[in-house]
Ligand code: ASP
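Taking the form predicted alone, here's one chain by itself in structure tokens.
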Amino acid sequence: MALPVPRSVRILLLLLAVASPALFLGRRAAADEGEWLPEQIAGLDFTALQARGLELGPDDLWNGEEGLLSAAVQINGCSASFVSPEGLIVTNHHCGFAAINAASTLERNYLEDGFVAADREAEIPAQGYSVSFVRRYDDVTAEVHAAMEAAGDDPAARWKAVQAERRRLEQEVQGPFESAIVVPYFEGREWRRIVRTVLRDVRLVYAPPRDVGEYGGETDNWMWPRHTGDFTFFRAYVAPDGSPADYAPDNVPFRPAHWLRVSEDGVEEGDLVMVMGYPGRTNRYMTSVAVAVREAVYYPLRLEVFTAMIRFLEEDTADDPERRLRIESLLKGLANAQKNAEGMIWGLARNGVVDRKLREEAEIRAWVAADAGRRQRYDGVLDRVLALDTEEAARMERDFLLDQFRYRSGAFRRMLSAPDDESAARVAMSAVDHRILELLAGLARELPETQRLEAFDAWDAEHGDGERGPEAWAELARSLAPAYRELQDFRDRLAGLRLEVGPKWISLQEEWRGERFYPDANSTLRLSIATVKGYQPRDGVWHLPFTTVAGMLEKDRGEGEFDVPDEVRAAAEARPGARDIRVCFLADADTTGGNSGSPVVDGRGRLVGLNFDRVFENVAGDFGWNPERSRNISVDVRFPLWLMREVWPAPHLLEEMGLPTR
């Protein structure tokens, strides 16, 4: 049996490969690639899109101030959409999971049993939830660049000046109806101030039981075929004068200017669809070094840490159903991140992303060298970006562990911020805190010589492998404080250097690619164009683009992750044709995390589905869209409507959406 290759050796081999010669790679445009900014929509090829079935013009989607995209909202890191003039919002069940979990008790368990508000008085406040939507965009590129230049040549000072200017520009927008965020596009080549309305009174309206909303559990997560009814309805409320407000009994439903009409016509293979939402983060323009260190170090470490944390939490609550219920949302998030890390490792290797980047970089070098003008603009740019990425990669394990100590243990984080040693030692620790810290301490002992944490080594030598109480962990936290300050200084300096070279790197790639160019996702409003289609995951296998209630019933085991509720089975058997109702469909939309809950609309702008996942072969799609494997998974909206008519009736909501109740 071959022995596993140590992380330090794996990354060294990958970095050596990055420095080796590589073959050229021809470029090609991909029809449905791209997460487009609203301001870029007018430049899309609408003649081609209309030939594919789009019946809307660019101004219908976004006219510079508003449009169909205005119906898409952001809700707690997910996407959603208004579907009625009375503030009704639909998103994914997993996006509403935390609110459903928080409202549940063992006696009234909405996670397990589902929830249907009989009327608006019965709608439940969603603790910690808010909804935001775009009002306008301001181009603040000149202001941010001026602040950066005024800071001088010190990279960290430039970075801090930019952050201060962002805060200043955001604070300029103050009022009951508006707030703002300032974000970079194209690695800081451009900056936008996004003026938003944030609605703070959000209430749970309708959620299916977990056996529908999470059907298939972690077994089916990131997989196809799927039969998951991943949907939940909320409603946004405002004060009687229409202004955003915290929860109050006399608040009234928000009345949006734009909402989506729900279609029951469905979609067929080959149909054009569009995904609107707030994709979180993609890494399309990373170098070979940056991708290599993530494949070899970052994602394997994440997988190891999250796998252990899930085990610790499950074992800690195994005999306490009430405590287990309280952590269900945390467990779900960790499990999703765990499988994402697994998919990244598998997908980056299977897709040969590092090799592809190497070939692209070789072609870029040749392209720059072949023209005097390009040499003047771009000579040395790639090498500068590679140098920054190599500097970051050389300390990735060390910095990852420093982050994990403070992010994965709440007790350790409180110790770090305690005002003195005595206060730090009094911080309460759970059994899970102890196990997490012991796991991280074990990983810290394995750090390569070039990345040792000297403060940890000294502490470890003193305290050994015995039982370590809060006093010992508090001592470690306090001793690591200089390392955290150094880490922040390092990141500030690199961020400042990237502010200078990043825009040039992006401009180089934009010119080299010679096609329409979109910025990486950054949790801001985007539009993706797609086609409903299946795919071939491996030789000899073809996945159809649709699943049905019949397939859901075929998976039923009567327990665990595959337990179809009796009400669903009874309804499926009660009416001819019910088993043929479609549950989910595939398309080749360019999506990522944050697109969960995104409305999927047809060529007429009508809601036909809710995006909720990608296929496993596309987990690594954050690093590159692929026409053969990039597939997103959506709930067919007709499945929730069937449940709302015939299984757990909500005729008042159907009427509100302008739909028949039978």
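Don't overthink the numbering: it's just position in the shown sequence, from 1. Keep in mind that this is a model prediction, so the values were computed, not measured.
Below: the form predicted together with aspartic acid (ASP), not depicted.
- When contacts are defined as a non-hydrogen atom within 4.5 Å, none of Arg192, Pro519 and Arg526 contacts aspartic acid (ASP) in the predicted bound form.
- Of the heavy atoms in Arg614, some are within 4.5 Å of aspartic acid (ASP) in the predicted bound form.
- Using a 4.5 Å cutoff between non-hydrogen atoms, Arg210 does not count as a contact of aspartic acid (ASP) in the predicted bound form.
- Using a 4.5 angstroms threshold between heavy atoms, Asn595 counts as touching aspartic acid (ASP) in the predicted bound form.
- Within 4.5 Å of some heavy atom of aspartic acid (ASP) in the predicted bound form lies at least one heavy atom of Trp222.
- Here the chain stands by itself, but in the predicted bound form one stretch of 83 to 91, 117 to 125, 569 to 577, 587 to 595, 587 to 595, has heavy atoms within 4.5 Å of aspartic acid (ASP).
- In the predicted bound form, no residue of 272 to 286 lies within 4.5 Å of aspartic acid (ASP) by any heavy atom.
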